[in-house]
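Taking the form predicted alone, here's one chain by itself in structure tokens.
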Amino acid sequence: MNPNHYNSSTADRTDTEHLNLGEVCRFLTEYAACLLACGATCTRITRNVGRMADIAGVEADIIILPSHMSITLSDPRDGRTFHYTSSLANVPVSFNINTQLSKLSWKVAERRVNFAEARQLFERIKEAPRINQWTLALLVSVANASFCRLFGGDPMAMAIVAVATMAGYSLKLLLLSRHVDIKLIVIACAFLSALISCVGYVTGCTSTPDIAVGTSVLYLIPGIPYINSVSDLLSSHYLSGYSRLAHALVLTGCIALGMTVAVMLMHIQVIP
């Protein structure tokens, strides 16, 4: 486990003498845990935390674990240390939150806000209203139907995929609201979407039923964990990289399981 270490700058620290560094440590840890939960790479997390710790006049040692964040702040002026560990924040993967949190770190680094104000802005960002889930479900359905067309599906196949995606995504929202395990959610959604998409084989209403079945579950592919795992591995964050890769592979296996059960239940031979 290789913690990332940042040295504080030699700039004038008189403005930070009054800081409660224990509270700063807690804020930075919760901030980093939120970034990790919403889909940020380890490189972004360490850079954002590092620039804020630098302004506080302390050195930050960061340990990024699969489901926890641990930060130790060291004050070179008197040798004091502050340590805090936080579990991942309960926030969805969101590029918007990711971006807003990065902007917040620059506001602190440029001294446009102090740490007390940063804490308030942080809470606002976490609680900010998000896009309506049913609007998102509609957009995901259109996007998945577009993937079907991209892979050669005809208009009827696209319609089937749109309906299958809407049904599967609606089920996902329902199960998420009841705090069902994500692996079970992926299996159930893949099963439902694949089962509905098999209508092309049953009715013969499309000349590309195989493409409809194959693309009906693409909305479940864990693309962000795959991308972040590669980024983390390339930046030598092996623990986080391998854990994200393992998580993505498990979810991909769950997609395959749900899809396979649906196809077998319908007695359909997708591949000749």
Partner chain sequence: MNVLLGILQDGLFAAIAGVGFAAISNPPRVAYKYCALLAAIGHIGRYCLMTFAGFSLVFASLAGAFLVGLLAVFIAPRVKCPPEVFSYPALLPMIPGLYAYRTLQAFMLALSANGEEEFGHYFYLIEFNGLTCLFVVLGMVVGQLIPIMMFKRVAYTSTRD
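Numbering follows the first chain given and starts at 1. Nothing here was measured: the structure is a model prediction, and the numbers come from that model.
One more form of this protein should be noted, the form predicted in complex with the partner chain, which is absent from this view; the next part is about it.
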Of these, Ser146, Ser87, Ser170, Gln120, which has a heavy atom no more than 4.5 Å from the partner chain in the predicted bound form? Ser146
So the partner chain isn't shown here. In the predicted bound form, which residue out of Ala246, Cys205, Leu65, Ile227 has a non-hydrogen atom within 4.5 Å of it? Ile227
Where does the partner chain sit in the predicted bound form: which of 66 to 74, 22 to 30, 52 to 60, 232 to 240, heavy atoms within 4.5 Å? 232 to 240
Output flag, Leu136, Leu150 and Leu218 jointly within 4.5 Å of the partner chain in the predicted bound form, heavy atom basis: yes
Any non-hydrogen atom of Ile211 within 4.5 angstroms of the partner chain in the predicted bound form: yes
Looking at the partner-bound form in the predicted bound form, is Leu176 within 4.5 Å of the partner chain by any heavy atom? no
Does Ala256 make contact with the partner chain in the predicted bound form, using a 4.5 Å heavy atom cut-off? yes
Proximity of Asp78 to the partner chain in the predicted bound form, heavy atoms at 4.5 Å: no
Quick one: name the residues from 89 to 127 with any non-hydrogen atom within 4.5 angstroms of the partner chain in the predicted bound form. Val93, Ser94, Phe95, Asn96, Asn98, Thr99, Ser102, Lys103, Trp106, Lys107, Glu110, Arg112
